[in-house]
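Just the one chain here, the form predicted on its own, laid out as structure tokens.
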Amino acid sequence: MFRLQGGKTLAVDLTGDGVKAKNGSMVAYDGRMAFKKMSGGGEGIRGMVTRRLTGEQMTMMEVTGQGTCYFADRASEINLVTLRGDKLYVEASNLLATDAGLRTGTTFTGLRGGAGGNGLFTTTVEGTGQAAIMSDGTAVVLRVTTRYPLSVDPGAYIAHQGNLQQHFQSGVNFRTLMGEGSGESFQIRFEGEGLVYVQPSERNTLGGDV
């Protein structure tokens, strides 16, 4: 069971089962725990090779035992995501932990990943269970509908789930070049039905501002 302690620490209660977490993110535990580093972000040798080729970096560990384990990373804010047989797409650097039964993978996302500085690929989490994702500041969860698509700055993007299509688009126009635009040269446009998680702090991106 995942639960938050003050928004910046994740507590996971274990009763003989396990959890996968970002390597080095354990800050405390009580009870009896065993820790094991996982290769390829938990996907085995194939996952390790895929991540090395794609540039999507994620090192995870598996924790099993009886008791409560606490995780945190650089005082980042934490959001809990519940999956019911669906798939979560998340930047590898923003994934803190998942239920052991959830499957992690790597998928091609087109130019969105390139804009985020992580190549053309992103991490997927799939199945039924909980995942914990991190943000620099309190994350905002935005709903996308067929009537109301959403455009997001690549540096603020964390994750998304649902039946969404994403397109990488340039925001450069005459007003931008004249210094009267928003200053955001590129955006990710989401269409369909689902949720998008964004943070109030922007990472450096390959696109940058014009």
Partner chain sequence: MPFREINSKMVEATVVPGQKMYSQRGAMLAYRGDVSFTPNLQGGQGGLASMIGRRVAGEATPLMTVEGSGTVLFGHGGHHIQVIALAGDTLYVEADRLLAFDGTLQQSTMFMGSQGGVMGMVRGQVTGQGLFTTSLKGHGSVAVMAHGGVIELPITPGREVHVDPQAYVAHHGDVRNKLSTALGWRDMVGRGSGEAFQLELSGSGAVYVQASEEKL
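Numbering follows the first chain given and starts at 1. Remember, it's a predicted structure, so these values are computed and weren't measured experimentally.
Below: the form predicted together with its partner chain, not depicted.
Undergrad: Please name which of the stretches 136-144, 92-100, 123-131, 67-75 has residues with heavy atoms lying within 4.5 Å of its partner chain in the predicted bound form.
TA: It is the stretch 67-75.
Undergrad: Taking its partner chain as it sits in the predicted bound form, is residue 200 near enough to touch it, meaning that at least one heavy atom pair lies within 4.5 angstroms?
TA: Output for residue 200 is no: heavy atoms all beyond 4.5 Å of its partner chain.
Undergrad: With a cut-off of 4.5 Å between heavy atoms, is residue 35 one of the residues that contacts its partner chain in the predicted bound form?
TA: Residue 35 belongs to the contact set for its partner chain.
Undergrad: Quick one: is residue 61 in contact with its partner chain in the predicted bound form, heavy atoms, 4.5 Å cut-off?
TA: Because a heavy atom of residue 61 falls inside 4.5 Å of its partner chain in the predicted bound form, the answer is yes.
Undergrad: Might residue 164 be said to contact its partner chain in the predicted bound form, defining contact as any heavy atom within 4.5 Å?
TA: Judged by the heavy-atom cut-off of 4.5 Å, residue 164 is well away from its partner chain in the predicted bound form.
Undergrad: Select from 10-37 the residues with a non-hydrogen atom within 4.5 Å of its partner chain in the predicted bound form and write them out in sequence order.
TA: The stretch 10-37, when checked against its partner chain in the predicted bound form, contributes 23, 24, 25, 26, 27, 28, 29, 30, 31, 35, 36, 37 at the 4.5 Å heavy-atom cut-off.
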